[in-house]
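Presented below, as structure tokens, is a lone chain in the form predicted alone.
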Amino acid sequence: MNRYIYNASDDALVAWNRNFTSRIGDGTGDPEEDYLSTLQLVAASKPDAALLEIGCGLGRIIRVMNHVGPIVGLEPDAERFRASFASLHDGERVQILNCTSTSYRTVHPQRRFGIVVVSMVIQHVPTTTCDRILRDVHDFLAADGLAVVATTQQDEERFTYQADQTHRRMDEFDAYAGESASQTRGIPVRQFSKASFLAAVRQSGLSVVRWGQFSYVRPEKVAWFAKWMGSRPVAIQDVATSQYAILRRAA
């Protein structure tokens, strides 16, 4: 893949998230509440563990898990790297690097981490890159380490673009995702099903400790989302738009 450019607006994402709910308590909470609580739990269970985040963006997840041991954040997009480097990098306990997981593993083939996080990354890259990232997760994990991987979820797997929900062939999606400098229809978005996500992590030599879902479409928005996605309200009303898995190396 050529040098990666993240073609999405973080401000637009914040506005977009208002369409979703956590379904915890009265349904007005942060749609990511269950996921973020899970990250905090994993960090609390391994306070001395070294943390690797693949695709750290602006450093949001590192801030959630900041009380663990040494931290390495990898961000291939130059602009987002500069922002997270400026706010988080101290060159000692926290290192933010402008590279991919594969290039980092090439330089540090023996490095292992007690915690590895990949948060909402693998749906925006070609399927071959997704598989490579998940293999890197496996290879970076210490023998007793835990990984947390979060991504999209829908009732069935679809390959789409952010600004155009027309269902694409996988090879068409891969070609578009592999040329981030010329993505004229927004970022590529692979909508995983639960089955396709778990199959991808298992084929990388990882086993599932716990699976969860988060960020449900608000009830008043279900009909609109179903039409927009080319699905049916009954198919998506109880399927969250995002999912995560706590993983470890398979025995």
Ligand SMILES: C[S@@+](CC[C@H](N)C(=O)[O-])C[C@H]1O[C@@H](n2cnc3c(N)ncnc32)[C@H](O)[C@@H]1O
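What you see is a predicted model; the values in this text were computed from it and never measured. All residue numbers refer to positions in the sequence shown, first residue = 1.
We do not show the form predicted together with this ligand, though everything after this point is about it.
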Should the three residues E75, V121 and T129 be counted as contacting this ligand in the predicted bound form, with contact defined as a heavy atom within 4.5 Å for each? yes
- prompt: Just to confirm, R60 within 4.5 Å of this ligand in the predicted bound form by heavy atoms?
  reply: yes
task = Determine whether any heavy atom of V137 comes within 4.5 Å of a heavy atom of this ligand in the predicted bound form, and answer yes or no.
result = no
Q: Consider R158 of the chain shown here, and say whether it contacts this ligand in the predicted bound form, taking contact as heavy atoms within 4.5 Å.
A: no
query: According to a 4.5 angstroms non-hydrogen atom cut-off, is L52 in contact with this ligand in the predicted bound form?
result: no
If we test each of L97, I133, V94, L141 for a heavy atom within 4.5 Å of this ligand in the predicted bound form, the one that passes is I133
Within 4.5 Å of this ligand in the predicted bound form, heavy atom basis, the matching stretch of 121-129, 85-93, 161-169, 108-116 is 121-129
